[in-house]
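Just the one chain here, the form predicted alone, laid out as structure tokens.
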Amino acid sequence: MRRLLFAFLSGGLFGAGLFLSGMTDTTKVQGWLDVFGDWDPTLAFVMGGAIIPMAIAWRIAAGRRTSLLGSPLPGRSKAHVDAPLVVGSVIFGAGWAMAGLCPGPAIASLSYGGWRGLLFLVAMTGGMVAAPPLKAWLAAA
């Protein structure tokens, strides 16, 4: 029960942060990505506001074996850059630039995004469902 409560509070805090920072406003996100046009640098503060606390949290978590709620923490993955990571990153970035939404803000915008937000969420879910079989098919080819 404690774990569900913390998940609910964390999700609510994350959603509120997305809303207050403007990450659910597609025009603001596209303005951030329009580096050679009408660039809006304000989301740099959002990025810094996310990166700095996470760097501290990773440093603290590196010395722990369990979370504050007692669950085991997963080991650190080996970071390596390969073709699937690069291709996936490019596809993600292109979709983010075109739509102005990524998964978290897309879900947060369901309450006010209208049919366009719902259409994006359906397309995103379709891509997530199609990706594993496509990856397996490409690996076999």
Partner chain sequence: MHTDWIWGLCGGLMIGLAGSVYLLWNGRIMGASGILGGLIDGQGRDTANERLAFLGGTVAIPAVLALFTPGVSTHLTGNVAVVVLAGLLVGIGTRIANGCTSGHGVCGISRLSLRGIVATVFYILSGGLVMAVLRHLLEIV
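Between two forms, the rigid core is the largest collection of C-alphas that superpose within 1.5 Å. Remember, predicted model here, so these are calculated numbers, not experimental data. Positions refer to the first chain, counted from 1.
Unshown form predicted together with the partner chain; subsequent notes refer to it.
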May I ask you to check whether L138 falls inside a 4.5 Å heavy atom distance of the partner chain in the model of the complex?
yes
is_contact(H80, the partner chain) in the model of the complex, heavy atom dist at most 4.5 Å:
yes
Is R76 close enough to the partner chain in the model of the complex to count, meaning some heavy atom within 4.5 Å?
yes
Check each residue of 51-88 against the partner chain in the model of the complex and list those with a heavy atom within 4.5 Å, in sequence order.
I51, P53, M54, A55, A57, W58, I60, A61, S67, L68, L69, S71, P72, L73, P74, G75, R76, S77, A79, H80, V81, D82, P84, L85, V86, G88
At a 2 Å cut-off on C-alpha positions, does A7 qualify as shifted between the shown form and the other one after fitting the rigid core?
no
